[in-house]
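Included below are structure tokens for two forms of one protein chain, each presented in isolation as structure 1 and structure 2.
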Structure 1
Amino acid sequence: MKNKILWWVVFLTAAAPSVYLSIMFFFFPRLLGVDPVEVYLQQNGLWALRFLLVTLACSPLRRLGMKTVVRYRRMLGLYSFFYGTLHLTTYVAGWIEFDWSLFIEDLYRRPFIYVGMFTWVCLFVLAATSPRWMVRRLRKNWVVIHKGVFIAVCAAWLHLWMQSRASAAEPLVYLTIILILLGERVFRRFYKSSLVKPRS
């Protein structure tokens, strides 16, 4: 019963930003500023990156003794895909309004769109292979495929950095978090290798 309640707490907490943003966008758009579409677009993209980082943080947190967080890693990863899909949908429906000539023009003028589309494809593959029956079916290949989360998080950060105009401070904050999460994994691997005694 406790685990079920905690599951719902995590689920609803992860859903809260999308609910809040959607209410503001559809019912109180003026409160989002001069360009509500841009704010809605950017915020959903940021939440996709944030949930990717939280997903990557699950393994280090487990190694620190917080073993419970791993139970929600799949859910958090799916939320990253959910926010990424909201980001993409907002771009197509709200930003270019299904104007494919404008989309082609954007591809020429804004290279970061390529990176964003690539990131979404990575998230789609990770989400599509996340169900338990896919884990059983793919076996060892599942592990290989889901290492793509590292590619996805780097691509998501690059997408953010390429379009940051006013300040590089926010991308640098996220880059620092990414380097810490990836650095922990690299350090742990090399540390374990150093503990293995070579055979004489």
Structure 2
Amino acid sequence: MKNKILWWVVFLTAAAPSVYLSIMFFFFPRLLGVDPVEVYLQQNGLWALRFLLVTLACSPLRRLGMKTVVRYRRMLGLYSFFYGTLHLTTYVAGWIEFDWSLFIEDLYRRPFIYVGMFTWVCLFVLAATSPRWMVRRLRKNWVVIHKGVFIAVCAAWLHLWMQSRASAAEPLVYLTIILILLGERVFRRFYKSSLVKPRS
């Protein structure tokens, strides 16, 4: 029972930014900003990245004692894909307005766009292989495939970095978080494992 409630709390909290942004975007666009499409695009992109980071924080948090968080890891990862897809949809429908020639041009001419596309493909593969029956079916391969989350987070950050042009402040905040999350894993693998008995 408690778990059920918690599940809903996490589910609704994670949905909240998209609900808020979408209500604003569709019903009060001018309150979202002078260019609502741009705000909606950028905010969904940022939330995709943030949920990727939250997903990566799950296993370190478990090791710090928050045992239950891993239960929501898959959901949080799917939310990253969800926001990334909203971001992509906004780009196609709102930004280039289905002008596919612009899309093709962007894909081969704008490095930050194809890095973004690559990120989205990573998230798509992770999402598509996330159901439990997929885990069972892919077995060892599943573990390998889901190492792809590390590629995805690096690519997402690169995409952010490449499109920032006036200040490095925001990407550096995200980089710091990513380095802590990845650093913790490297540390555990190469340093701690030689002291303590190996764990999963």
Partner chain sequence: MTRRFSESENHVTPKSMFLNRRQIMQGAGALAMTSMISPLVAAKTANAPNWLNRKINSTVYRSVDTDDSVTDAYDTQRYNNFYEFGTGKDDPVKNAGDFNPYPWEISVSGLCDKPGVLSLEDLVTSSQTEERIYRLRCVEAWSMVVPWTGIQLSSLLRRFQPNSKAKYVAFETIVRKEEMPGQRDRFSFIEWPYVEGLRMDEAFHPLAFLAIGMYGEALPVQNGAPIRLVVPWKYGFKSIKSIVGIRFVDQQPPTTWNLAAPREYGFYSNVNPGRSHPRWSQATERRFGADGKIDRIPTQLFNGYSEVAGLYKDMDLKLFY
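The term rigid core refers to the most C-alpha atoms you can superpose between the two forms while keeping them within 1.5 Å. Residue positions are counted from 1 along structure 1's sequence. Predicted model, so just to flag it, every value in this text is computed and none were measured.
- In this comparison, the chain shown as structure 1 is the form predicted alone.
- After superposing the rigid core, the C-alpha of F98 moves by less than 2 Å between structures 1 and 2.
- Relative to the superposed rigid core, Y108 undergoes a CA displacement of at least 2 Å between structures 1 and 2.
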